[in-house]
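What follows is a single chain, given as structure tokens, in the form predicted alone.
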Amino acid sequence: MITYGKFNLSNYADCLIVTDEKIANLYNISGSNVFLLPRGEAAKTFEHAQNLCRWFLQQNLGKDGKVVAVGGGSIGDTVGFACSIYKRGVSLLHVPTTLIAQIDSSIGGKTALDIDDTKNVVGSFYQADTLIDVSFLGTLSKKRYFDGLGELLKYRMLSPTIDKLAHSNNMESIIKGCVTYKDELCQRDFTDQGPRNVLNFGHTIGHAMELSLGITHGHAVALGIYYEIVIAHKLGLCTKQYVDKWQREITNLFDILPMNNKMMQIMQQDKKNKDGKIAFILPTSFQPVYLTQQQIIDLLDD
């Protein structure tokens, strides 16, 4: 269930709350029922998921208890994974505090951990509730806000309705548009076997750039889109005008960084791949396009 409203900490005094140190300090979240994870991608490890499950046990969390994850996408991923395996599943409420988490990662039930240089290679599908409080966005830095705009680009390119909303500058309406779009897809295809694949647009190259360059997720997704639409054009899936339009949008928001060989190695481990070929979700097609590493290099260098 997805709801919109004001997050009131006192309503969750009987729940276990997981967040990070910065969020805890900003919103005065403290007490014996609060567990702090590292900030950002560093939280998404087996070690932190195990420590969280051990804390659940120490707190006597039962099957009838509830966990509240307050934070960005990394908090949601790690807490979601821990909740999905602890006692084979305990109730979870996501309270996303970043734009990316509000429009994307807190919706749809995906959980994920990273291993070495491979992002989201371990995970599960687990249903959770989400409470979206738009006022959290008021504490975001400019960098974090722009990070969300990178993920928003994906939704704008997938949905003319969301693109129109984006020009209204009404962030609450934009968020609701993205959430509605993603939730409808996820209800049709919860385990990502068909229509939901479209949400991976920009993420094959994006995840590789995020890990190899250490840039933020939204910046990386925007760059993934920047390069993946070039591939789409070379394959005849979209026009040069389409490429030019969206590349202008991206360059207005982010610095364009070059690809490198390490990214190619990371893409070889992408979970969407089949038969040794790298999978892309490209414009005009809901189905993955599979290319070899050499084909990708040839298309981008051509």
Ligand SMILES: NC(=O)c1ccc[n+]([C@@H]2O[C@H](COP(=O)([O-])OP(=O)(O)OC[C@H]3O[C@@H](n4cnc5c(N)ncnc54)[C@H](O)[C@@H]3O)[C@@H](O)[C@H]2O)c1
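Quick caveat, the model's predicted, so the values are computed rather than measured. Residue numbers here begin at 1 and follow the sequence given.
In what follows, reference is made to the form predicted in complex with the ligand, a form of this protein that is not presented.
Novice: Going by heavy atoms within 4.5 Å, which of 169-177, 80-88, 156-164, 105-113 lines up against the ligand in the model of the complex?
Specialist: Of the stretches listed, the one contacting the partner is 105-113.
Novice: Does I23 reach the ligand in the model of the complex, with heavy atoms at most 4.5 Å apart?
Specialist: So I23 counts as contacting the ligand.
Novice: Tell me, yes or no, whether N120 is in contact with the ligand in the model of the complex, where a contact means a heavy atom of each within 4.5 Å.
Specialist: Flag for N120 set to yes.
Novice: Taking any heavy atom pair closer than or equal to 4.5 Å as contact, tell me whether E41 reaches the ligand in the model of the complex.
Specialist: Yes - in the model of the complex, heavy atoms of E41 and the ligand come within 4.5 Å of each other.
Novice: With a 4.5 Å heavy atom cut-off, would you call L213 a contact of the ligand in the model of the complex?
Specialist: Although the ligand is absent here, L213 would stay clear of it in the model of the complex, with no heavy atoms inside 4.5 Å.
Novice: Counting only non-hydrogen atoms and a 4.5 Å cut-off, give the residues of 87-118 close to the ligand in the model of the complex.
Specialist: Going through 87-118 in order - heavy atoms within 4.5 Å of the ligand in the model of the complex - the hits are T97, T98, I100, A101, D104, S105, K110.
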